[in-house]
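In structure tokens, one chain follows: the form predicted on its own.
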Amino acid sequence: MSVIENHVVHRQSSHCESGVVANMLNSQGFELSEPMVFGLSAALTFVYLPMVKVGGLPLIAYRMPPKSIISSVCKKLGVKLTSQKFSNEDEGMKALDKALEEGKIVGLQTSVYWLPYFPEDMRFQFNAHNLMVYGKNENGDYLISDPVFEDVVTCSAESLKQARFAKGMLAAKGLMYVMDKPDNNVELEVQIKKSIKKTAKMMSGLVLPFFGIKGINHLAKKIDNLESSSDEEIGMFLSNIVRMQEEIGTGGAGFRFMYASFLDEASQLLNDDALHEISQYTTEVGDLWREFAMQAVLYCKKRKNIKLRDVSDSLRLCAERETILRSKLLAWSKV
């Protein structure tokens, strides 16, 4: 963690949205870790939407939609959240400059593709990357705390405008937001219990078979049905799952590990050994997701004589263990 001008806190994090929320609040003296932010937002989930395509392949997600962490945490902690979108790009940049002149720290939703400080091999069309702007330098470049990076970075006005107003899925339309620390003390213990209970309830999935544990089993069945497909089709499908899980943002296993860290931190805050044990079990669930990804990769590379059924069974095991995790979380939240 580093403290830069005007007491701005920059801490590298695992996920952009939870990292930005933590850094924005920490910069105002509201000390929260990234895992605590993620856990309080009750964002842990699983989604498999075959009808929604990303690059021609089904959307798979391991957390609630973009902006949900921001809005949920602010609501739970009584943080005043002011956000704006813009139809005019120049007006959006003027609004950002005005907020900075007023000494505000500003969160932005952007496209990774247009941020020049990202290495070229890391740039892709993803319009829901969050970062924090805290000023401008003498050259007119914006001073940015991007939680993906170890140190703060700068970005030209033109590049930042392109990143804020990129078109396509999840287009931000120049979204900018400011958070104001609440005056009253927050009963963090109460909010922790509410968030854990909400997460547990959501894990079972909704009526449709695309969410939560139902969604995991639905995806496993889809993998089984790939038996009659060509090797190329199977490879593309499985590679997409692994990419969504291990390369896009924090991914499936990463979010489980972060949630385990949240439970561990909460167990210390509440002095609750049972919650600590659940955190350890959650880490084991994350390990299983990593094992599933490895099985999928080995199948695609034709290593170790792994069959397609081995891949789907590995995923079903994740669903089975998440079912047990859900029961543990529900039981704890009722005590």
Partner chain sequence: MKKEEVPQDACKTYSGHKKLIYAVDEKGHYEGVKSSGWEVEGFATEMAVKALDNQLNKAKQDFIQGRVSPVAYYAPLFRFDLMSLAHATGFFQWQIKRHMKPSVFNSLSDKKLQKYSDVFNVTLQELKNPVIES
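Computed from a prediction, not measured in an experiment: that's the story for all the values here. Positions refer to the first chain, counted from 1.
Below, we turn to the form predicted together with the partner chain, even though it does not appear here.
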item	value
Contact flag, E227 vs the partner chain in the predicted bound form, heavy atom cut 4.5 Å	no
4.5 Å heavy atom contact, A293 and the partner chain in the predicted bound form	yes
A274 within 4.5 Å of the partner chain in the predicted bound form, heavy atoms	no
4.5 Å heavy atom contact, P35 and the partner chain in the predicted bound form	yes
Answer range among 203-211, 75-83, 96-104, 123-131 for contact with the partner chain, defined in the predicted bound form as heavy atoms within 4.5 Å	123-131
Heavy atom within 4.5 Å of the partner chain in the predicted bound form - residue from I60, V54, M64, L308	V54
Single option in V112, M176, V148, L160 placed near the partner chain in the predicted bound form, where near means a heavy atom within 4.5 Å	V148
Stretch 287-310: residues contacting the partner chain in the predicted bound form, 4.5 Å heavy atom cut-off	D287, R290, A293, M294, V297, C300, K301
